[in-house]
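Presented as structure tokens, the chain that follows is alone, the form predicted on its own.
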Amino acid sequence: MPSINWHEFLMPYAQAVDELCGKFKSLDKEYRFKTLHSPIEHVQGRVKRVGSILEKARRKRVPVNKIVEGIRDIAGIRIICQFVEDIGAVVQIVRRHEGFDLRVLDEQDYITNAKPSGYRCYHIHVEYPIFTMDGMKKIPVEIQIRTMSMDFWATIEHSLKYKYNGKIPEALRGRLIHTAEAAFQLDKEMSTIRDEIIETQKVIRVKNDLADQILKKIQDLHSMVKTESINELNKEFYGIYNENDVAKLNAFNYKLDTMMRLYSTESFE
């Protein structure tokens, strides 16, 4: 068996994971900054541990010196979505980046065609270039895209596979298939009220952003006016905030802008 410096071997994979996670997280922030619905709810990344790599190589009969070609999920990105429809949106994002900073190798749609176990997820295998001391290296990365309910189910199934060494008892396997279908039905039901959920989440984000702006302005005004006036502003803010009226929050925010301009002018004079 050839000797491998595993720490050095896995470093490029870790770099690829870090960079890709950063890209997807930045996209998520851009959507939210523009107050748009982000198809990306959460991004996770990992590099397989050496034991997991060797175990998979054993199962697939991949020689250690062929691990790079034979195992394509050493580096993995998992993108969690709120809705099934978001999965397609993320797939399109990945495809749009092809030729720019990655190359799509293949795709596996386990959403439309679930595995016999009940597993649902969309897999995209990509090749991602990284730059090292030795020059550019193209690293294979598996991108998994799934909903929160699919992720919960897959996590449980993975734990049970580990417990039973990959041979889950038949009765338990049947219950897992049943729960996988129940999770998918939940996803489909959530899709029927998707627009209402997205609109509600948008209102909550706008309200929270306004609250942050208002409290910052009140703090800035603290150095310009008497403490009693600041206490009154705080009292007024909390009263409006508890009414859950975004229009009133906007009006109060505008009032603070006017006050800041007024006091800034007086201070300058």
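One-based numbering along the sequence shown. Source: prediction; values computed, not measured.
What comes next is about the form predicted together with a small molecule, which is not displayed.
The closest non-hydrogen atom of L176 lies beyond 4.5 Å of the small molecule in the model of the complex. Looking at K217, you'd find every heavy atom of it more than 4.5 angstroms from the small molecule in the model of the complex. The shortest heavy atom separation between E157 and the small molecule in the model of the complex is within 4.5 Å. Taking non-hydrogen atoms only, R58 never approaches the small molecule to within 4.5 angstroms in the model of the complex. Proximity of R205, N244 and D257 to the small molecule in the model of the complex is absent: no residue of the three has a non-hydrogen atom within 4.5 angstroms. Scanning E85, E98, E127, D73 against the small molecule in the model of the complex with a 4.5 Å heavy atom cut-off leaves one residue, D73.
Checking 86-94, 138-146, 178-186, 193-201 against the small molecule in the model of the complex, the stretch whose residues place heavy atoms within 4.5 Å of it is 138-146.
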